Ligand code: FRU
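The chain that follows stands alone, in the form predicted alone, written as structure tokens.
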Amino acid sequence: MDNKEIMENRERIKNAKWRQRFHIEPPDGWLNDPNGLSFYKGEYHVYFQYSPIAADGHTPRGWGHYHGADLMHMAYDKAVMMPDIPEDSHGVYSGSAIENDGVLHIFYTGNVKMEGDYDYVTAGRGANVIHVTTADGSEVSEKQVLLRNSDYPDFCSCHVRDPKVWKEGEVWKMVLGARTLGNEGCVLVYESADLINWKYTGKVYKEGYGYMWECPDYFELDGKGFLSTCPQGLPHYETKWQNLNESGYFPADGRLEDSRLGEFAEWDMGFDFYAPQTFLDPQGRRILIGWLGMDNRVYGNATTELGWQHCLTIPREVTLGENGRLRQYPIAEFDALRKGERRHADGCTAKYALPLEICGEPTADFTITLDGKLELRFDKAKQLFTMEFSDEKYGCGRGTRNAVVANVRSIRLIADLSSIEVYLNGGETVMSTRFYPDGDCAELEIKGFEAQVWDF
């Protein structure tokens, strides 16, 4: 396509069926991991993995960029980086951003896939940590390679990626996701005094959690540390680890390199969630944004035929619950988007325009059904919350997801034009999915409690 055709295609996509109101989507093509989440010079910056034009992701992958003074009102900028040096020839992959002395520093993985008879695990792949800076969030400096395969420990395979950088006292810290030669997932930890020269200080792992840990992130809340990561290669069960790959966090108190990781907890129990990243905003909130998507070898998305695929989650504030588990809840700015409120009586069925929000406080078993094709239900005796599609087209191949929940005290469901995010008990349990209704309305049936329904 030439530039005119690209712009005409993007204009068509803006008004296409299933185009969303509250979720960041690519202007065209493919979106995956959120990257470089930051607040810089009065604006929030949300970068994302971006393959322009091709909705199947089969074009060179770089970083797209949204920015704005308000996380719920972001504007698309452009593709700020694409592969253009030998060290990122097969993709500008995931990474992070952090401000220092008025400059935004960006770190990412430059992916290289060599031609030849390689297994691309023990040989044939380059994984380079690359650094750029920007003074406006949009125009970036010349790319600087900081780490190559030869700079990683000898036990590493060629799979090392996704640098996340933060400051700890006077020291800069970096974590990288890795796969060992023994097919064990782990996180590598590095330190730097100047953001340029990095020294390896140790690895963090827990036996039995897959062969590769992607998208690592370390942060602290109320003095407690947490290591977030995405293990690949976990077994699958009826009530946990149900997706192709998982996303979750380990409690990791103390110096990260010395941590004995606690129990792994999943961020989101739904069909579509991966590669979350967090950052600290000017209000001191720990904000999480995830990819509201999943590897499409299992199920698909109806938007692909219309020219784009995937979106990001609504930004979520992460807090520490009384039980030591993390909670996620839509940032407070989302509430200001609401308009009319209606009461939906127990046992009633009504049609509502999308997007919509449902809030309620069940006391026992309940069901919420959308268009007779997607059912959310809670069975108190089994302590089980279930999300189940009964229509192949409506769910685009999605089936059933389960979460163990002792009791549902509150539920909040936000349905955009083609995605749903469900928050139980103030965000103690979360389930997200894509769905594809026939139009911009949904028939809603609720049994078991009276609900508030908001429109927008």
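None of these values were measured; they are calculated from a predicted model. In this text, residue numbers run from 1 along the sequence as written.
Below, we refer to the form predicted in complex with beta-D-fructofuranose, which is not included among the displayed structures.
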Heavy atom within 4.5 Å of beta-D-fructofuranose in the predicted complex - the one residue of 366, 291, 279, 190 that qualifies: 291
Contact assignment for beta-D-fructofuranose in the predicted complex, among 161, 316, 164, 310, heavy atom within 4.5 Å: 161
Contact label in the predicted complex: residue 214 to beta-D-fructofuranose, heavy atom within 4.5 Å: yes
Touches beta-D-fructofuranose in the predicted complex: residue 274 (any heavy atom, 4.5 Å): yes
Close approach of residue 418 to beta-D-fructofuranose in the predicted complex, 4.5 Å, heavy atom: no
Residue 93 within 4.5 Å of beta-D-fructofuranose in the predicted complex, heavy atoms: yes
One stretch from 26 to 34, 66 to 74, 39 to 47, 421 to 429 that, in the predicted complex, holds residues within 4.5 Å of beta-D-fructofuranose by heavy atom: 26 to 34
